[in-house]
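Read the single chain below, which is given as structure tokens and is the form predicted alone.
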């Protein structure tokens, strides 16, 4: 049977997009962002960011993706032949994210097993940094290979291949229908139990206590817009690719609202669980919540195990459930990060879906072994900062300009409105995507670039330069290689 890149139903598309959006950032980034940016007061810029940027930008991506029904670089090339380079830049950057995401997935897989016996011991911080990662700040750590992490990562890669190399609906479509609802159900259980813990109210009070004075600070607004960019995977060519797989009668505007709402509900629900548990730990240890709260790997692999150590019998239920949730969230997101580059390769070079996915996953698995070294955690931080704060945001700015101005976003309004059962687009949407979005994202990009320049160590600058070189070289190679698809140069606009 020939490969088929089309969703079997609208539900498959919605659940796959929710799975892409709902990831590790919802669990370990958002609660910290909410807490550190005014608590309850943060909801004002957060809602504004969703309405002003999240939903309008997703509609733009979905609309252009649906219009071309092709890969991202082919669409960019059709809009303007000189811009094909950008068409490859974003899919390659997202594939680089996939590679280091596999390391975090591997760590979590190990913790999921350890959680049944609290195998991280009495000092989770020391266990994570020293016993598991063998972490070192010396570049020579690249020569210290850690087999258990490599094995855990390879297990993840096998799962990703098993799902991704199949036809779209048979693999990703069916898996999304199982994993995404399971993810929400497990999170409901975790939050339900967390809210019953003694001291939960302490954490929730800390989380939601509004600091209205921060609303006048520029930083809180940039934090909200930055959160929405990363939380909804805006401009990563994922939404574009997924929309190109949709059926002709898809109501993209209503789908966008559903996906944004589900993503927002999940990350706010996760915040309830995180801070309920932190409140419990605060009461048990006598340590202020402010001294416990953190984000990223510190929250998942240090703070949570520390909490589970003092949680008694509940830990043997909450622990495995929590790490399973993180694993499923990581898995649903990582499955989406291979799609843009895979579909682009299929589209330009005539590869089957199975062949493209297999090659990419073998390459990704091989490259990911750098994160199975004692210096891997440092490299992961360097690469993540460069990709998210510099490369992706720059690409998003250019994408916004190309889609809104050169392609002319107004061409999409008619057919999007004709299918919409909810809101209708008008001039307000054009003002947002043509003027407001590029400016706001440019400001976030300048802030991120400035932060990297001011805080980067010598090692970080070296690995940033190496990552940039790999990204650019791969992009150039994909751009200049001759196409084996006779339709590559044909324009396929449908509106």
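Since the model is a prediction, treat every value here as computed from it, not as a measurement. Positions refer to the first chain, counted from 1.
The following text describes the form predicted together with a small molecule, which does not appear among the structures shown.
When the small molecule is considered in the predicted bound form, only one residue from 92, 180, 236, 318 comes within 4.5 Å through any heavy atom, namely 236. Out of the listed residues 102, 71, 256, 337, 337 is the one that sits within 4.5 Å of the small molecule in the predicted bound form by at least one heavy atom. Contact annotation for residue 230: at least one heavy atom lies within 4.5 Å of the small molecule in the predicted bound form. Although the partner is absent from this view, residue 241 stays clear of the small molecule in the predicted bound form, with no non-hydrogen atom inside 4.5 angstroms. Though the partner is left out of this view, residue 97 does reach within 4.5 Å of the small molecule in the predicted bound form, counting heavy atoms only. The closest heavy atom approach of residue 333 to the small molecule in the predicted bound form falls within 4.5 Å.
Heavy atoms within 4.5 Å of the small molecule in the predicted bound form belong, among the stretches 467-475, 480-488, 5-13, 18-26, to residues of 18-26.
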